[in-house]
Each structure stands twice: as structure tokens, then as C-alpha cells.
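We begin with a single chain expressed as C-alpha cells, specifically the form predicted alone.
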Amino acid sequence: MKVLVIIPAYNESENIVNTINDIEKNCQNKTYQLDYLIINDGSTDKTKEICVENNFNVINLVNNLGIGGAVQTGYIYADKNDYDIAIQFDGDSQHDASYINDLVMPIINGDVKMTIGSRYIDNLSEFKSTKIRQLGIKILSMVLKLTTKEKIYDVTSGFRAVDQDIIKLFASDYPNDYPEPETLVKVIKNGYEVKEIPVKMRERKYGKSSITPIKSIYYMAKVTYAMIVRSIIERGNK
């Protein structure tokens, strides 16, 4: 069983070493092979240099493709190299690698095709982002329920694991802008079962999120529209 951790990184020079150290510390004594791949998305800081200096496994994109393009690069790599499971894992050290096994095992056991590391079930995580973003996530969760009849609480979580069928699905088609909610519509509409796994997430230590309060409103409107359109497309493809 081969598992790949896909790490999209844009200007994460202050975080990427801690991220990889966390993964390597938690990849020991697994019953499966656990590899990682950094997708350096055209960073303008020293992310590339730090990856080279530390001999990290990295693909350096010449231009910035955005989160969707970077993550899809990882899925294409996973597909071409016959990985059984792929995990998305942010490069900003907010995700906790000790939960990787919790996300992987339901897929290995054949219970589901996709798992999501969730801040909003079982109240494990003290860090849950700003109030306005929490409100936006609740609204997007309602949109997902309306379009798919499935309830997912942490629809924007970038800490996710998928099996080989969904790796192939994402390798061939992956939205570019803030894709997590839209891909959930795609996965569920294609008949794949999704399960949320309670996890703790950390607050970012260095740098800041690109999503400001004003951008959050724009993001919510844009993603709501994208989710509805995706639902119509997937229904038409059946």
C-alpha cells in the first residue's frame, strides 16, 4: 500500500521545514509506505532554495498555477506513480501529521473513498479560523447539503485523503480557485462516500492567509456559484 502526501506550497519558506519534519516524525512504523511531495507553486521567496538545501522531494513549478493547479500536479504524479492513496496537506504547518493515520485507515479498510480532517466535529481543534470564515463555511456546508443531500461540516478543509479512483478523477479534472467545496460536490455526485475525521489544527505561525474579510465574502459567492454549476454538470454527466 503506497500513500503520497501532496503538499502545495507558495511562499512557505518559514513553514516548510517544520511541515516536513512533522510528516517525517509521524511516518515511522506505518503498515504502509508513506511518501511526500512538495509542489512549490512558483514561490517568490526562498521556498525553492530551502527545499533544495534540505533535499526535500519537490516539484518546482515555473509559474504560479494557484492552489488548484498545484494540487492537481500532485494528483497527476500520484496517478502516474501508482499510489493507492493521496493526502492533501498544507505547507503552512497548520495541519497535524499525527492524524494522517486516522485519515488513511478508513480508506485502507474499504469503508469510504475519501476522508476529510474536520475542525467542526467532536470539538478537538481549538483553532477554527475567524468568525466570518466560520460563517462562510457554514453557508457552504448548507449549499453542499442542498446540492448533494450530504452533510459535511468542514467543507473547506485542505486536509483530505482519497483512494485511487478519486486520484484518477482529480488528476483529470480539478478546479483552480479554492477547490475543496467544489470537488466535494464532484466526489459525492459521482457516488463516492465521504467521511469526516475529527482533527486538531494549528494556527499559522508565520505569514498570513491570503483570504481577507472582504475576499471571504467574494470567495463565498464565487464558490457557491461554482458548487451549483458543478452539481448541474455532474448530474448531466450521469
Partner chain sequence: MNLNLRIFIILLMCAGVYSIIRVIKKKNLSMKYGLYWTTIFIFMLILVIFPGIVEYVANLCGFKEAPNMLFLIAIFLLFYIVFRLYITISKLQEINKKLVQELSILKKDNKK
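Positions refer to the first chain, counted from 1. Just so it is clear, the structure is predicted and the values come from calculations on it, not from any experiment.
Just so it is clear, the following notes concern the form predicted in complex with the partner chain, a form of the same protein that is not shown.
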With the partner chain left out of view, choose which of V58, I50, L34, V194 has a non-hydrogen atom within 4.5 angstroms of it in the model of the complex.
V58
Under a 4.5 angstroms heavy atom criterion, identify the one residue in Q72, S157, S93, T115 near the partner chain in the model of the complex.
Q72
Does the partner chain get within 4.5 angstroms of any non-hydrogen atom of N190 in the model of the complex?
no
Any chance N29 has a heavy atom within 4.5 Å of the partner chain in the model of the complex?
no
Any chance L169 has a heavy atom within 4.5 Å of the partner chain in the model of the complex?
no
Considering non-hydrogen atoms and a 4.5 Å limit, does the partner chain approach T44 in the model of the complex?
no
Of the candidate stretches 104 to 112, 134 to 142, 74 to 82, 147 to 155, the one with residues having heavy atoms within 4.5 Å of the partner chain in the model of the complex is 74 to 82
Check each residue of 97 to 114 against the partner chain in the model of the complex and list those with a heavy atom within 4.5 Å, in sequence order.
none
